[in-house]
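Next comes just one chain, in structure tokens: the form predicted on its own.
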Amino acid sequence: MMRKTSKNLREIVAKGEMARVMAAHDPLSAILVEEAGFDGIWASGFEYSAAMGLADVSLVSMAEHLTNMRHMAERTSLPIVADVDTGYGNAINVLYTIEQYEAAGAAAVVIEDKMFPKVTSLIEGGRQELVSIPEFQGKVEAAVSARKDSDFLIIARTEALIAGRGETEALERARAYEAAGADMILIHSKQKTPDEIESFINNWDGNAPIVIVPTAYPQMTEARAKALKKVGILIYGNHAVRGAVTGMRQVFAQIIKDGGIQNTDAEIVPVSEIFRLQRMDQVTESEKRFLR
């Protein structure tokens, strides 16, 4: 499939619009994201870790996540925002990370200012340690220097609010990361209301557009985010894997209850729909054309 370039995502943001980006954890979920009408795919580290049955604590290697993202890129045409956690090491590792993800078809990467190995952001009482501002500036500068396509977005994510450091430090870090060359700033929060995020955005005096992930504060609708004027990307960070778990639990429980698939079969998509998503029609056509 023809890949769109990174320019598609940058153009949305540059026009002052807000890209809606949905998480995916494998090529099938990425295909469904595209069919649903989202503007981009979030190649989520949390979702991929969950799909592997692992905690999101830097257990998944760069090679594993990169391979999964590459497979998504091969099956969809949407721009992909790759969640590369801390960049898989220091600034030297970041040079290689950017090279590899850009070559694999990503349109953007998000790098966060936590220490490696990281702990997932929303876990209650989790260890949330941040690197120094100068160290992370070095990572951002390395990322900018490593990219080949100027439309490839470098998104710097500050976890200052997650770590309880407060808005003042979050703004300080965001300004420093923009000065280092970040195209956008992702600000994350685990508060149950959008107040903390809205306050940060209203006090943001930089030029870089803001990225938000309203997992913990679902009251932040797209209309509310657009009203803030500074949000360039809204990421639905883990709804694909949560939806998949919900659906599978319901189907599995029904089968156990009924002692068979006699009732469930009519409530789930038919096998023909899976064939369509697998593009079996193309296989059939190729067989007619090429098999002797």
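So that there is no doubt, residue numbering starts at 1 and follows the sequence shown. None of these values were measured; they are calculated from a predicted model.
A second form of this protein, the form predicted in complex with a small molecule, is not displayed here; the remarks below concern that form.
A.B. asks: D56: heavy atom within 4.5 Å of the small molecule in the model of the complex?
C.D. replies: Output for D56 is yes: heavy atoms within 4.5 Å of the small molecule.
A.B. asks: Please run the contact check for Q137 against the small molecule in the model of the complex: heavy atoms, 4.5 angstroms, yes or no?
C.D. replies: No, Q137 is distant from the partner.
A.B. asks: So in the model of the complex, is the small molecule close enough to T86 to count as touching (4.5 Å, heavy atoms)?
C.D. replies: Close contact is absent here: in the model of the complex, T86 is far from the small molecule, nothing within 4.5 Å, heavy atoms only.
A.B. asks: Even though the small molecule is not shown here, does L122 get within 4.5 Å of it in the model of the complex, heavy atoms only?
C.D. replies: Yes, contact at 4.5 Å.
A.B. asks: Using a 4.5 Å heavy atom cut-off, which stretch among 259-267, 66-74, 220-228, 36-44 contacts the small molecule in the model of the complex?
C.D. replies: In short, 36-44.
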